[in-house]
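In the form predicted alone, a lone chain appears below as structure tokens.
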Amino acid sequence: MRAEDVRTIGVVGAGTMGQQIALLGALHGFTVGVHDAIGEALKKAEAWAHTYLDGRVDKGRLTRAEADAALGRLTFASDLAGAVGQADLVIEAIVEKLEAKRDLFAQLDRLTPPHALLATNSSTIVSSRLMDVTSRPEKVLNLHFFNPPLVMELVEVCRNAKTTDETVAVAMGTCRRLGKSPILLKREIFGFVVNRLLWAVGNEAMSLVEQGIATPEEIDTAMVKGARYPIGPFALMDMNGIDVGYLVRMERYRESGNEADRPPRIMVEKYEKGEWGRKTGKGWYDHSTQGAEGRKP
């Protein structure tokens, strides 16, 4: 199979990532089936697609005909088979729990055509931990989109030891057809490229705060004004969720056993207080106020 042969994409998981990956595919001419085990999530994703496209039309970014055509290529299926039964590529974007993903990949192996590629959007659960529940380990890999997928240009493509060159070529080519700039990781590593670099910056930033060198606001200002970052490390943690950063670091620590991989003390304190960033109204900044970052209490 070639990248040009991919016409139908199945997306499993209709949360923020899944719904945007699905709409991205539809906007780029692919037929897309979307499934979520939670019916309400599926309904919200469908309603969001309509709202998003209406907004693009209102702003003159799309014509009504283009928006309607994209909607016509989207199917929201309550049954998994209905979303993936004809797929050439399936992208999984469900909860970050290994057993849940393994169970899903076993189902996907039974329900999809033999030629279909099976990809996980995860950057922390590598595909080698999923491939053995399928009969096609050579067609299993990670396709890590960034949030929000409709805007962010990068996709990290990560192969496992059994992923074939053909699978990699199809995946890379499909990402380009989706308007993305893919990079290829030649072997698996926890967190891939971007997250590992962000963790390094974030950990050093938190260390500087712990040492009393500078405040979160000052460090964010330094990185935006001095390093031309679009957003500082503390504002980014608040946007992505401090809880997410904590849990990912804990998973990395459990895998490595390296004390250096433990979440920094001040991150643990934020996590235990439930101060997780924008989602809870408070993190490094107070998001109950107006503004892009809010005010630190």
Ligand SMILES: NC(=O)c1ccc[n+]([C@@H]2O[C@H](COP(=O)([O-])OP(=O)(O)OC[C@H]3O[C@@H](n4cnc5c(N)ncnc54)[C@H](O)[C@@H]3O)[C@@H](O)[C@H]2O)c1
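The first residue of the shown sequence is 1; numbering continues from there. Here the structure is a predicted model, which is why all the values come from computation and not from measurement.
The form predicted in complex with this ligand exists for this protein as well; it is not shown, and the discussion that follows is about that form.
**Q** Exactly one stretch in 62-70, 32-40, 251-259, 268-276 has heavy atoms within 4.5 Å of this ligand in the model of the complex; which is it?
**A** That would be stretch 32-40.
**Q** Could you confirm whether Glu96 comes within 4.5 Å of this ligand in the model of the complex, counting heavy atoms only?
**A** Yes, contact at 4.5 Å.
**Q** When the contact criterion is heavy atoms within 4.5 Å, does Thr163 count as touching this ligand in the model of the complex?
**A** No, no contact at 4.5 Å.
**Q** Might Gly15 be said to contact this ligand in the model of the complex, defining contact as any heavy atom within 4.5 Å?
**A** Result yes; Gly15 sits at the interface with this ligand in the model of the complex.
**Q** Report yes if any heavy atom of Asn147 sits within 4.5 Å of a heavy atom of this ligand in the model of the complex; otherwise report no.
**A** Yes, contact at 4.5 Å.
**Q** In the model of the complex, which of the listed residues (Thr112, Asn121, Thr174, Ser127) lies with a heavy atom within 4.5 Å of this ligand?
**A** Only one option qualifies, and that one is Asn121.
**Q** Just one of Arg136, Lys180, Arg159, Lys101 has a heavy atom within 4.5 angstroms of this ligand in the model of the complex, so which one?
**A** The option sitting close enough to the partner is Lys101.
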